[in-house]
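As structure tokens, one chain now follows by itself in the form predicted on its own.
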């Protein structure tokens, strides 16, 4: 089991997601920001190794405007050696990497332009992982998308558009249950049709479910992962007590995390902690695992 956190480290003094305004776009400024982001990513990965964190989600802002029409710069070639160096470190240290585009990536949209932009964004994320030389266990994670007042048709549209995706995207793509529209059971329905792996989000399941116990549904989700995909991934968080909006907690509750680990005993998976204080909660999680 690998423990990790997403995108931002509050301890290293930098961010790997530095960007700038579109109106300020220039190739020189883009090179500057990518250089800074890659440098910071190296620091974060080294910090993670020093602290026993072997799972990390790289932020979408690593290469600003990469999927935007304004970007004609061949960043893959220009920064090839940098990506290869980071990729070697990741593989040598056995770190698992994932990415998670923003919510505007909606491949089941009724608007063909939105679908096209979404695919461009997925291409960019997969190009990052390919540039790092990572295998198929490095995943790009998305939600099913909108309901548009007709859930069955929207699910079918996701399936149809997924089937049209290029192989280099499909081999990395995974879907996640969300807190408002598509439950874990509905993700399973889609996976039965297209064999896409599912990331199980514990907080979202708490907020949207069909009365299934988390372990019961997760045992089904595990079967959507093949050996080439690596271990199943769980996004772990808890709901703020008394909160109706399904927001993530600020810091890990060791008692609840210990309970979760015991409830999933015997199952093998990697954990992405979607908790606001990032690496601080990851440290708490590792401490719990030592004593469980």
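Because the structure is a prediction, the values reported are computed rather than measured. Residue numbers count along the first chain shown, from 1.
From this point on, the text means the form predicted in complex with the DNA, which you will not see here.
- Contact with the DNA in the predicted complex, judged as any non-hydrogen atom within 4.5 angstroms, is confined among 188 to 196, 141 to 149, 88 to 96, 218 to 226 to 141 to 149.
- For the candidate spot formed by 76, 127 and 170, no residue has a non-hydrogen atom within 4.5 angstroms of the DNA in the predicted complex.
- This chain is drawn without the DNA; in the predicted complex, the residue among 252, 66, 44, 58 with a heavy atom within 4.5 Å of it is 66.
- Contact between residue 181 and the DNA in the predicted complex is found at the 4.5 Å heavy atom cutoff.
- In the predicted complex, at least one heavy atom of residue 204 sits within 4.5 Å of a heavy atom of the DNA.
- For residue 288, no non-hydrogen atom is located within 4.5 Å of the DNA in the predicted complex, even though that partner is not displayed.
- Under a 4.5 angstroms non-hydrogen atom cutoff, the DNA in the predicted complex lacks residue 284 among its neighbouring residues.
- If you take 182 to 199 and check each residue for a heavy atom within 4.5 Å of the DNA in the predicted complex, you get nothing at all.
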